[in-house]
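Quick setup: one chain, the form predicted on its own, written in structure tokens, and binding and motion questions come after.
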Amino acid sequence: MSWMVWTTPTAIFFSSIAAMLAGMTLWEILSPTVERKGFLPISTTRGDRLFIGLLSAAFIHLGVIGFTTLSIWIALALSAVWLLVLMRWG
């Protein structure tokens, strides 16, 4: 992947997303999902909740970077907690 001149954090970020997608694919094959309604105003599948969680994480990071002086690690922690809550009860 040297053609992309990846930094280590960028490679870890995209590798993590690829690992999540591979894990979700394997989970879907082993245990097909059923739409359910949690606290979100729509019925969602696991994949829907993952997608919403990833979009939310992007907005959380943008908000922290744009409007606060907090460390990016706080945004990462908030995003991880939000993704777990969303996947469980969303």
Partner chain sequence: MNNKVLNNRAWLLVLPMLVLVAFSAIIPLMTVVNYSVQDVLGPNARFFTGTEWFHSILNDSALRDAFVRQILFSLTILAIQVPLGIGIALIMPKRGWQASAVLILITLPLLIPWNVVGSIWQIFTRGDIGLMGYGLRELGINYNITRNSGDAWATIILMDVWHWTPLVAMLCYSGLRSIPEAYYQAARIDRASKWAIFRYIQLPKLTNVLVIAVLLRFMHSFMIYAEPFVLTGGGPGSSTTFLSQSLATMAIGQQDLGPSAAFSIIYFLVILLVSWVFYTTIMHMQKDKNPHGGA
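In this text the structure is predicted, and so the values were computed from the model without any measurement. Positions refer to the first chain, counted from 1.
The same protein also exists as the form predicted together with the partner chain; that form is not shown, yet it is the one meant from here on.
- Within this chain, Ser16 is remote from the site of the partner chain in the predicted bound form, having no heavy atom within 4.5 Å.
- The partner chain is not drawn, but in the predicted bound form it has a heavy atom within 4.5 Å of Ser43.
- Contact annotation: Ala77 falls outside 4.5 Å of the partner chain in the predicted bound form, judged by heavy atom distances.
- Contact check for Phe59: a non-hydrogen atom falls within 4.5 Å of the partner chain in the predicted bound form.
- Shown without its partner, the chain has Leu62, Ile65, Gly66, Phe67, Ile72 in segment 62 to 77 as residues with a non-hydrogen atom within 4.5 angstroms of the partner chain in the predicted bound form.
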